[in-house]
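Starting off, we have a lone chain in the form predicted alone, written out as structure tokens.
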């Protein structure tokens, strides 16, 4: 594939290097001639010096006909403008990296739709979701945020004696906004069907909003476990997103932030999180907040060294599980020796996300539901004239190995019902067994091809 990476900083360089190793044709653009020369010398890429927001620079980089544009400079505004221009010039897909959460907040303005960008990615949000997956284990073996963050997919383990046991799924009377996506039993994972029944010990995935999923959890699991105590050190974007995704019935979240003004913002936007104005680098502060009794301690202050030091202190105080965000690759061999249980690298997280966009045709992204399980999460664009637009959902000739989880229409996300109809421009989120991917994608492509 022909890929143009805008920005040759730490993130852009690492992504370009990964794409080169995968055999793609990569062009890197950076306004700093030194950075552009460095990637040219170190990698098998073409480099262009100039501003990513300059149309002539994008033309020079070969944006016309590019399969993918990745705008990952250090400026949110430049990334959005450049990605929008790339789409207008003919790039098939365009992704922009953003830092400020306002650009991903649909309640204020839909920047992604306005600028016609396929995806706006936040390293901090992706890192938070990676941490959340580890923290929620094993109560929710998997958790994914999709459909622009408005829906979640959580995996639950069926408890004995609950209302859902041995009842056909169609008779469970779940809210219209919740859907069972898959069932795993005895090591075999399959797409859930209306006539299926669940048994104790089965693992199922539920698709819906976090609130709706929490509402129906009692049908599948007995009384919830006691709340886990989670202490987050650092109230930046990563800490903020992590607190938002965890706060609720299952976790008691305490967030430590040294900047008082930032604390006021966090307290206003996190309704079920205790926000404390304290320095997580000071042992006295950790002791005062009783970090030693925490089930999970997470350090995401923005500085690798500070994260590592606070994790070491938390481990000595007795916190059960220790996690942190570490950006420098040369620290990878150190953290494990210091008693840190799990680390997240923002560069690796965004590289993994980018790889899911290396698709052709109507497929926007393609991600495995679980490693080597044979089911994938597909985001598919509905094109004009596609067979999927000809009938309501119940009348479509979709393979039985496919389940439609959500539909994104303009700035509205919904879990579709049997009588709903797809229209050109919709984005469909589907769970599909790998063997049925090709047949499924044909339904959303022009003339079924």
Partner chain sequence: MKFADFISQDAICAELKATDKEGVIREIVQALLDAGRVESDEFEGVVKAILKREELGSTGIGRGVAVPHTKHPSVDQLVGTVAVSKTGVDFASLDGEPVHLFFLLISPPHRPGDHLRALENISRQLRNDTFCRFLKQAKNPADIQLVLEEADNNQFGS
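Residue numbers count along the first chain shown, from 1. Everything numeric in this text was worked out from a predicted model, so none of it was measured.
The same protein has a further form, the form predicted together with the partner chain, not shown here; the description that follows concerns it.
Think of it this way: in the model of the complex, the partner chain has a heavy atom of just one of 414, 394, 64, 424 within 4.5 Å, and the residue is 64. Think of it this way: in the model of the complex, the partner chain has a heavy atom of just one of 74, 302, 175, 90 within 4.5 Å, and the residue is 90. Taking the partner from the other structure, the partner chain in the model of the complex has a heavy atom within 4.5 Å of a heavy atom of residue 48. Residue 34 falls outside the set of residues with a heavy atom inside 4.5 Å of the partner chain in the model of the complex.
In the model of the complex, residue 2 approaches the partner chain with a heavy atom inside 4.5 Å.
Exactly one of the stretches 376 to 384, 414 to 422, 48 to 56, 397 to 405 approaches the partner chain in the model of the complex with heavy atoms within 4.5 Å, and it is 48 to 56.
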